[in-house]
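Here's a solo chain for you in structure tokens, the form predicted alone.
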Amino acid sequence: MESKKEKTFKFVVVGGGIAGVTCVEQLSSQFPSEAVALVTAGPHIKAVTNYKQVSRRLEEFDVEEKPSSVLEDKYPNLTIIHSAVKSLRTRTHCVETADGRVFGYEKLCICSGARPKLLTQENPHVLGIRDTDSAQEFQKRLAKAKRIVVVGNGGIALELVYEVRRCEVIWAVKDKAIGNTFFDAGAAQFLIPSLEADKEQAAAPCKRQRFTTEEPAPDAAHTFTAGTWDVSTSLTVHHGSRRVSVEYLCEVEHIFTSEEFLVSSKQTPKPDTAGSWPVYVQLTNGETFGCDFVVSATGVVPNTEPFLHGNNFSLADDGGLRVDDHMMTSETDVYAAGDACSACWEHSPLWQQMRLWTQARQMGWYAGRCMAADVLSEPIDLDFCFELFSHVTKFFNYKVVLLGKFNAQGLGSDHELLVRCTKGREYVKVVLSGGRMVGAVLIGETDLEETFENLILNRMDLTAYGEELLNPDIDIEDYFD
């Protein structure tokens, strides 16, 4: 492979998503006279726009899908290589692309993202949503659908069931409440009324994706808000009827084609699902539903396959490339960032890895800094963004802020919860351990994120305040200013 080497770059970054683009921008700007390459399979990249620092740790931004040429125009030392990676040879520092070209590198960063964890492989009626192409395929199918089944309880499922209009949705979740990845049962109960069609709010400008049974224009722009998943189709806003039925505490037991269902005498669909459907879903709670297609939203798998053969990468239990506190993998001169990697250093007690856009941006930026520090033989400390988990997004048209151990992750019984809820307006949950705030969930326009972030980071003993901490008659922002 080495004899076929077309060119050697100082830095090569693989992946045109948030992590890869952020990393390559960091390197291209810091080393303007060095050759930098971005290897990406598609003609577009995902760029961070409208960046806003909400507080010391919280950040908001939009993500726009742009032609990759915008990066080359901005950075003359950057070369975009339009191809997927076929193989990697870490011993010779070579990357082979799917179109047969070979490129050398001095430092490599793998930002190849993740792929949907599908319920079943190669079933035309089961769709996973992760990128622009799959989102457009979903929109195309939805235009002709009367009913879909959504399986999963994470960010993708949460957004889909709320944004789909004019099509019945059967939502199968394995937990006893919706949004278990992000919320407890109380927060889920607060959000559930938003799914009721008779409580629609008046139409308002919306930058988030909204899926209707109308096909998108072929030249539709691709703009989306930095949330929890990687779908990028901006669509016309329609407030039609929303019909969502939630099936709790169940998973998919079997998926039948219409032909398989007809010859099976054991399955009896619910009376309102009778008829001829392209696909039938049998759930573990005994219910069977016919539908036009199934959305598999049961999580993602790190996309590391092209890089493993012939190398000696250390993998985490979730399949990600293990990285240390300098984003380095187990292979020399190879770094990784974003969904493709697993953070395997000793974490701050207030931080955990979640495969979200905010962490993809942070990891990509930090990986670029680490690569630069290594080249320059300079020391570098773990970035402060890994001190406290922080994420701001939107679910069911509510602003959602998650801080620290927001779901009491890893605390066992050694914690207490304080909750304040105003129906239809706000939900505030504080996690305390040893009298100190270690996490929070804020739903709605609470304006408490900066105050709570400071209380968590300052490790102030709040025992004396008790439930008064969430007293709505006390202006807590001024009190702790």
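This one's a predicted model, so the numbers in the text were calculated from it and none came from an experiment. In case it trips you up, residue 1 is the first one in the sequence shown, and so on.
The next section is about a form of this same protein that is not shown, the form predicted in complex with a small molecule.
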- Query: Is there a non-hydrogen atom of Leu418 within 4.5 angstroms of a non-hydrogen atom of the small molecule in the predicted bound form?
  - Reply: no
- Message: Is Tyr105 part of the interface with the small molecule in the predicted bound form - any heavy atom within 4.5 Å?
- Response: no
- Item | Any non-hydrogen atom of Arg355 within 4.5 angstroms of the small molecule in the predicted bound form | yes
- Query: Could you tell me if Arg130 has a non-hydrogen atom within 4.5 Å of the small molecule in the predicted bound form?
  - Reply: yes
- Task: Within 4.5 Å of the small molecule in the predicted bound form, counting heavy atoms only, one of 164 to 172, 184 to 192, 365 to 373, 111 to 119 shows up; tell me which.
- Result: 111 to 119
- Of these, Pro349, Pro306, Gly319, Pro278, which has a heavy atom no more than 4.5 Å from the small molecule in the predicted bound form? Pro306
